[in-house]
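Below you will find one chain, with nothing else, as structure tokens; this is the form predicted alone, and questions on how it binds or moves follow later.
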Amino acid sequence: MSELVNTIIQGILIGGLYALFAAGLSLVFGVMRVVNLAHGDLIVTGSFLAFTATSILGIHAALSVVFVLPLMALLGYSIQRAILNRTVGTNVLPPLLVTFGIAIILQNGLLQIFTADDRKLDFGNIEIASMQIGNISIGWYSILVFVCAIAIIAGLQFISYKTRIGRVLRATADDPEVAQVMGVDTRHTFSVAMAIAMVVCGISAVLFAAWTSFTPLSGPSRLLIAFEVVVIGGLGSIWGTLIGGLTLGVAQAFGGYLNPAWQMLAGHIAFIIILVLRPAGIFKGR
């Protein structure tokens, strides 16, 4: 019984990381109705930026966020302003094609620079330290990631509903044309939304890089997880992203508990079941 409880707890904790993967994707979809196919590769790009910062400067992995987050925000704003703003509209196909192209460029660029070797960030002793509750062992690093996930998603919710930029983002998401008539620069607003999403990607990239090893080809698997989480939670729903991450994490953990070979399959099955029962997700988005 304690083994099953431990499995569920581990699923909940990794669900926090999954929610971080998906939060930026959910924000971009909620504001622009764009599914960013380069999302996973942008996360991996952030991981390699963190790895480069720690390797060159010799700093602790946690301090790499000081360099990663501004660079990711600048990258997100630039991509949106220079490229994606030209494709955003009623037709969903152009953004899909463009972001797919960006994903290919990022993958091949990272392969050329870093080769296909595995990399991993070192967070020190916290990676192996754990808290013992009876027969249940909970890693402190997993707890750190889960707390970060809740804090960041709560922060996104606060920005969306309690700040001026959040009101502008929601107004633009509801009706870009009316927002533009009211004096909102929608091109800038979309770019700011992408920059915020990339900051979240940068945080998840650093935490992911210390959780497990990564390569330039790790992006598609991160995208798949993020997409499933967003759909499970509800397209455009910020708190739904957290619930979606927990659902997917627990499903994978339970599948692995039954048979290690079923871990990823169990997550996909849970995704399909929820998609059939609630096509709009557990929480309907904005």
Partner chain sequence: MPNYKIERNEKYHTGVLIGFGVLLVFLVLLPFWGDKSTMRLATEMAGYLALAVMWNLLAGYAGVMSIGQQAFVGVGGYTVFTLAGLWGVPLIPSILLAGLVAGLLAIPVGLILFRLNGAYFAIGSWVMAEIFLLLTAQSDYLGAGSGMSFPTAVAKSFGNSTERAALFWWIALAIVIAALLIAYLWLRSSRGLALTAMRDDEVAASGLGVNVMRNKLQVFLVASAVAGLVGAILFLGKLRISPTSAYDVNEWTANIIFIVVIGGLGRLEGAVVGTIIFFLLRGFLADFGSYYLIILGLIAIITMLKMPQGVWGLIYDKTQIELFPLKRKIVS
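Positions refer to the first chain, counted from 1. Think of the rigid core as the biggest set of C-alphas that the two forms share within 1.5 Å after superposition. Just so you know, these numbers come straight off a predicted model, no measurement behind them.
From this point on, the text means the form predicted together with its partner chain, which you will not see here.
Heavy atoms within 4.5 Å of its partner chain in the predicted complex belong, among the stretches 66-74, 51-59, 240-248, 256-264, to residues of 256-264. Taken together, the three residues I8, K120 and I150 lack any non-hydrogen atom within 4.5 angstroms of its partner chain in the predicted complex.
Of the residues given (I102, V192, A210, I203), I102 alone sits with a heavy atom within 4.5 Å of its partner chain in the predicted complex.
Of the heavy atoms in L42, none are within 4.5 Å of its partner chain in the predicted complex.
Contact between V145 and its partner chain in the predicted complex is not found at the 4.5 Å heavy atom cutoff.
In the predicted complex, its partner chain lies farther than 4.5 Å from every heavy atom of I12.
In the predicted complex, its partner chain lies within 4.5 Å of some heavy atom of Q112. Of all the residues from 204-223, those having a non-hydrogen atom no more than 4.5 Å from its partner chain in the predicted complex are P220, L223. Annotation for G58: C-alpha shift under 2 angstroms between the shown form and the other one, rigid core superposed.
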